[in-house]
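Shown below, as structure tokens, is a lone chain in the form predicted alone; questions about how it binds or moves come after it.
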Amino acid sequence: MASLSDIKSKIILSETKVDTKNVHAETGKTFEQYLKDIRVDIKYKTDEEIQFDLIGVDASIANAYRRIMLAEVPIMAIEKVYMMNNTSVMPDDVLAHRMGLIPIKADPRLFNFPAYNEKNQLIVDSNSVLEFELSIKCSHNKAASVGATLPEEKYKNSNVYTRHMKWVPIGDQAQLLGEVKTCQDDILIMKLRPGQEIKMKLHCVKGVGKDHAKFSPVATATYRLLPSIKLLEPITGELARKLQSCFAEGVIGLKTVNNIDVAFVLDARKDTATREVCRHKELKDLVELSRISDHFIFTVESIGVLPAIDIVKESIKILMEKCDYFIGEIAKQT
């Protein structure tokens, strides 16, 4: 028989419903016990992506981290586009919008949020603004072969990439920041043909995703609950092989006992919650599918401005600041 703590921590998946009635049951934990049970396990990490398990917290806490990573961890992005010349087929406003979505590789922690004067004009200084310029013109390639058909061979600068953007340091930024550039140098901005030209100046500022999506540091920041699969009875032979086919590869394994295939749970983490097993009458009562309600599998993918683990750390700092502010407001009322 399942223990009370097991029942309280599981979300049961049945054929027609998701049973969450026991998830928020009182556990009787003290605050110290709650803190002791919290754990973070990093499964893998690179600069671009991190996957970690957040264990022992309520869904509201996990979702707070996710929302902060999406909307409140600041980065630098293009905010002002000063168009000197644009004879391409792309209208100025569309081109300006495209420029704003190009990720800029600059540590936002080294900058202040932008300031504006009484006329709502951006105040340009080395502590809050980065400046880029883009000046490029397409022309015929006189060295092209007679039979050339590709625009890249017939013309010069027919494709405008982010590598054509040049950083213009303000003040002592070159000494303080080193190199500032776009996260990828091969993002296609637009196509030009002979005679067409683009010339513009770009100002980048610090901002947050809740103001505009271009300031969001993540491509994705998601979590899912850890799957749990329990075989209620031994499943053997053809039925075991059928059970294995109901799940994603690597979830159910088979071992041979006395020349008979016996099913066992190999890695429930790989389960994708299809509930395919519930379609089979001979299997659905032999398997219990559930999710662990306080075990969250986080996947965070950075757009390249900050390492993925730094985004997670910044979200923790921001949530701590919010808690400190809230505690301070409560203290003022007592």
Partner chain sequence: MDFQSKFQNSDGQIEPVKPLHDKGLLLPAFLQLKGLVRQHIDNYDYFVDVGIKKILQTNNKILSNADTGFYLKYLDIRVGTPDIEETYSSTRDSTPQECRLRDLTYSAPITVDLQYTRGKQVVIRKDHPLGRIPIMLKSSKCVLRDKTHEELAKVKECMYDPGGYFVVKGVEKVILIQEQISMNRMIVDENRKGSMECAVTSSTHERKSRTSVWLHYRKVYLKHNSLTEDIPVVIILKGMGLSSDQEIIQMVGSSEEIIANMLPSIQEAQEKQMFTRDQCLEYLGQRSKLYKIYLTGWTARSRVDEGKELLREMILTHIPAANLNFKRKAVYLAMMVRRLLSAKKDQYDDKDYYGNKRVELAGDLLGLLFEDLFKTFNYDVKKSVDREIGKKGEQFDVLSIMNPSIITNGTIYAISTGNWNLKRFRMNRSGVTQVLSRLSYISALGIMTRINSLFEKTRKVSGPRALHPSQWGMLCPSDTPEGESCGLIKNLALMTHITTSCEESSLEAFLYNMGVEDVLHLSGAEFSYPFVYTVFLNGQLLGVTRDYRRLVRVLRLTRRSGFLEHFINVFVIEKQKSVFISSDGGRLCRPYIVVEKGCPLVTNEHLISLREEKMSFQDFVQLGLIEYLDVNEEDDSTIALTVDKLTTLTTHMEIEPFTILGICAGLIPFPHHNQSPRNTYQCAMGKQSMGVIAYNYLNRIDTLMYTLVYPQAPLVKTHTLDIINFDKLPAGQNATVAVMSYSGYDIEDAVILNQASVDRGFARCTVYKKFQTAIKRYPNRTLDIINGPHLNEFDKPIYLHQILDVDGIAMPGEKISNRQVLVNKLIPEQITGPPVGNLTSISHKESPLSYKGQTEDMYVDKVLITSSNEDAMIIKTLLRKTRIPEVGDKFSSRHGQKGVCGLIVNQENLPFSESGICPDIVMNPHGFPSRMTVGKLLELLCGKAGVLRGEFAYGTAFIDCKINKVCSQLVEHGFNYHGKDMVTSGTTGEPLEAYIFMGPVYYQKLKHMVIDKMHARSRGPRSLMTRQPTEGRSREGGLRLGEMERDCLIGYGASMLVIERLMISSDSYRVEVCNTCGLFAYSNWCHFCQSSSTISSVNIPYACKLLFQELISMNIVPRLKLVKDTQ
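This structure is a prediction, so every number in the text was calculated from the model and none was measured. Residue numbers count along the first chain shown, from 1.
What comes next is about the form predicted together with the partner chain, which does not appear here.
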Open item on the list: Please tell me whether any heavy atom belonging to Leu70 falls inside 4.5 Å of a heavy atom of the partner chain, as the geometry stands in the predicted bound form.
Closed with: yes
Open item on the list: Would you classify Asp324 as touching the partner chain in the predicted bound form, given a 4.5 Å non-hydrogen atom cut-off?
Closed with: no
Open item on the list: Even though the partner isn't displayed, in the predicted bound form is Ser135 close enough to the partner chain, meaning a heavy atom within 4.5 Å?
Closed with: no
Open item on the list: Whether Glu276 contacts the partner chain in the predicted bound form should be assessed with a 4.5 Å heavy atom distance threshold; does it?
Closed with: yes
Open item on the list: If contact means a heavy atom within 4.5 Å, which one of 86-94, 146-154, 197-205, 125-133 is the stretch that engages the partner chain in the predicted bound form?
Closed with: 86-94
Open item on the list: Between Thr256, Thr220, Gln121, Gln175, only one gets a heavy atom within 4.5 angstroms of the partner chain in the predicted bound form; which residue is that?
Closed with: Thr220
Task: Of Leu225, Ile102, Leu239, Val180, the one that lies within 4.5 Å of the partner chain in the predicted bound form (heavy atoms) - done: Leu225
Open item on the list: Please determine whether each residue of Leu13, Thr16 and Lys210 possesses a non-hydrogen atom within 4.5 angstroms of the partner chain in the predicted bound form.
Closed with: yes
Open item on the list: Within 4.5 Å of the partner chain in the predicted bound form, counting any non-hydrogen atom, which residues from 59-84 show up?
Closed with: Ala59, Ser60, Asn63, Arg66, Arg67, Leu70, Ala71
